[in-house]
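Given as structure tokens, the chain that follows is alone and in the form predicted alone.
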Amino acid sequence: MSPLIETSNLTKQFETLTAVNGLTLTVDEGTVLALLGPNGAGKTTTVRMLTSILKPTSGYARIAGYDVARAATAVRHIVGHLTEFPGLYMRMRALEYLDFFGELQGMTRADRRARAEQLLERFGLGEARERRLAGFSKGMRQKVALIRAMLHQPRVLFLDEPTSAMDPHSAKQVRDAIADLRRDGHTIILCTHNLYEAETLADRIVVVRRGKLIAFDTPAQLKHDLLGLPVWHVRLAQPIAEWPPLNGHLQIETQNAFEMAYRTAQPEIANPYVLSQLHAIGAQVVMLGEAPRSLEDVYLKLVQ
């Protein structure tokens, strides 16, 4: 089966600036892909090409088989796009605004009305449907912009900082909606500086820097490749004069009278072995656990 999104040597140049330089990747249907990188890395330019807002200078990109440069109208009907600074028509009422954009997408009046009502209720805006957008808070406006992007049930949804300015409850609503969309087979490209959200939601991670792709894999594989084997910590209730001899499947990182840290490629063998050795000398183990490793650790190692 062909990937839903495919790029090959995708490049965009503005006079002397190469904003995107030879980007090649594939994204399967039903995938959440986090597109990460520092400011100016080329993320926004990439999304603008994939949504047929900008034409590539060279290379190509296809969405569901449609070339983004040659079939822009078809692409725009199968993608939804939430920009970081969504322009809203402040004099319009929420339901009126969504109805207008649903009509632009070719939805029937009944369908766009029902879909807008459903999404407004889902994001806690049902009672505000007849209020003008000018009276909405920044977080409420962000929700309306997200609903606009989701309204026509696009196969691909591009989200740029989707939870920006939202309170924790609203941000969770959005994260839950993204998870639901993924389960329903939608493909989501998430551009964010919120690495917690990226790690929580994404199946695959793309990191770009100065217009070039520098990493593309699952979060787990990136951690393995860039951070090495996981580190395990053992903490004791009482200090011991000397640790028992530990060998075989362990690589000792640090050790003192109360605790030890080690790496192992086979924790299912090494951890019971460590516990049995400590039990044999009467040591009381308070904790044995894997040290947390975040996507932030991976990201900083890549871009610094």
Partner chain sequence: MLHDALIITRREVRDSLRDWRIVAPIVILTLVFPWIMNLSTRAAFAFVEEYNAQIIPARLVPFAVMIVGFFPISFSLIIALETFVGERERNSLEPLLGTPISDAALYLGKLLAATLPPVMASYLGMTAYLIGMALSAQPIPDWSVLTQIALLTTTEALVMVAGAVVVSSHTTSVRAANLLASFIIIPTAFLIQVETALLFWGAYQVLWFILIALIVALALLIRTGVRTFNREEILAREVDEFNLAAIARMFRKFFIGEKFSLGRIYRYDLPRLVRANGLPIIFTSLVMLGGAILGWGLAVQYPVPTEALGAFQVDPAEFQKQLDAPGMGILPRLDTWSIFFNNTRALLIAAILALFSFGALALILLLLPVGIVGFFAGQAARLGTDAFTFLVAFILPHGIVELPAAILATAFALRMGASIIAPPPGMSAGENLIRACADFLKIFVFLILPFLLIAAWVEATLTPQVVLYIYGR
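All values derive from a computational prediction rather than experimental measurement. Residue numbers count along the first chain shown, from 1.
A second form of this protein, the form predicted in complex with the partner chain, is not displayed here; the remarks below concern that form.
From the list 79-87, 203-211, 182-190, 218-226, the contact stretch for the partner chain in the predicted complex under a 4.5 Å heavy atom rule is 79-87. The partner chain in the predicted complex comes within 4.5 Å of no heavy atom belonging to D176. Not displayed here, the partner chain is approached by S52 to within 4.5 Å at the level of heavy atoms in the predicted complex. In the predicted complex, the partner chain stays beyond 4.5 Å of every heavy atom belonging to R115. Among heavy atoms of R93, some come within 4.5 Å of the partner chain in the predicted complex. This chain is displayed alone, yet in the predicted complex one of D167, E130, E121, E103 has a heavy atom within 4.5 Å of the partner chain; that residue is E103. Residues of 172-191 that come within 4.5 Å of the partner chain in the predicted complex, judged by any heavy atom, do not exist; none qualify.
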